[in-house]
Ligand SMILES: NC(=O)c1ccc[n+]([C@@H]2O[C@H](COP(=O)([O-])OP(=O)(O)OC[C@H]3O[C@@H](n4cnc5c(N)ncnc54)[C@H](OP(=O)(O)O)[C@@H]3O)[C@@H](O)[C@H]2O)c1
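One chain comes next, on its own, written as structure tokens: the form predicted on its own.
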Amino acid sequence: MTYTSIITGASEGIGAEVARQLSGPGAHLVLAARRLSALEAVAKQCEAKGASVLCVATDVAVQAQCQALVDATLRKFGKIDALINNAGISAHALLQDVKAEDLRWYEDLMRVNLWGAVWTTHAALPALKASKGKIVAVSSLAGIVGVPGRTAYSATKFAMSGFFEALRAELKPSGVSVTTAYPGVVTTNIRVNGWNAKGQAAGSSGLDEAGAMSVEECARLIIQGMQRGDREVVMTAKGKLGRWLKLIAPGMVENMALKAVKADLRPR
């Protein structure tokens, strides 16, 4: 029996590790990201474990490419059992430090983090309903608690959470499950490669990386939540605490969020 999964943002980090952990005989994996050479390197690792792999160079910020990704999957494997919306870009900048002429990158970030997931999910929906499949949205704890310096990123992740929460209710009668994952700080390059106040690669993380979760553990929790059909996977104790404290002590949560930011990058 085969199982076909699409994974966006699969060239490195969480997406690549999810692909490796899903690999095995009977696994049909469709790996999507902008860099084909990086996808092919991940594909070799997955194929060595017995998976059949299709690599599709995809920029999820372009709706036509999201549709093309789904079309290529159906041509190759004939069905879609799981869609893991993992592609995303991080960003760290205080709003006061962003010039008016640079604010366009807030829109660009939303196009990748939210619209890429919306467009890919919309394209895959008929096939997912036919298979009673699974949808995963990889959000962030910044989609539960707003973090200083993460106004743009938090906006995209809060929007993502709202979209998939509503979609979960829409799809309940169809048998399609929707799982939203909320990782905290994970040992990947997403924050280093994320954007600064000018919308350029930051080159370093703006968050305190101490105690970061391993990418292997993060991927394991995502897959576990998907397979069980969990509504949400909140990955850290602080994240779970912060979610409830927002209801009764929002000021305390804001102080916790401030401490998550490196001292030299905090609001001044």
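Heads up: residue numbers just count along the shown sequence, starting at 1. As the structure is a computational prediction, the values presented were derived from the model and not from experiment.
In what follows, reference is made to the form predicted together with the named molecule, a form of this protein that is not presented.
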Is there a heavy atom of I14 lying 4.5 Å or less from a heavy atom of the named molecule in the predicted complex? yes
Is K134 close to the named molecule in the predicted complex, meaning a heavy atom pair under 4.5 Å apart or at it? no
Does N196 reach the named molecule in the predicted complex if we count a contact as any heavy atom within 4.5 Å? no
Consider K157 of the chain shown here, and say whether it contacts the named molecule in the predicted complex, taking contact as heavy atoms within 4.5 Å. yes
Within 4.5 Å of the named molecule in the predicted complex - does that hold for a heavy atom of every one of T4, V118 and G162? no
Quick one: of V185, V178, L114, V145, which gets a non-hydrogen atom within 4.5 angstroms of the named molecule in the predicted complex? V185
Out of 59-67, 45-53, 22-30, 225-233, where are the residues with a heavy atom within 4.5 Å of the named molecule in the predicted complex? 59-67
Can you name the residues of 80-115 that have a non-hydrogen atom within 4.5 angstroms of the named molecule in the predicted complex? N86, A87, G88, I89, V112
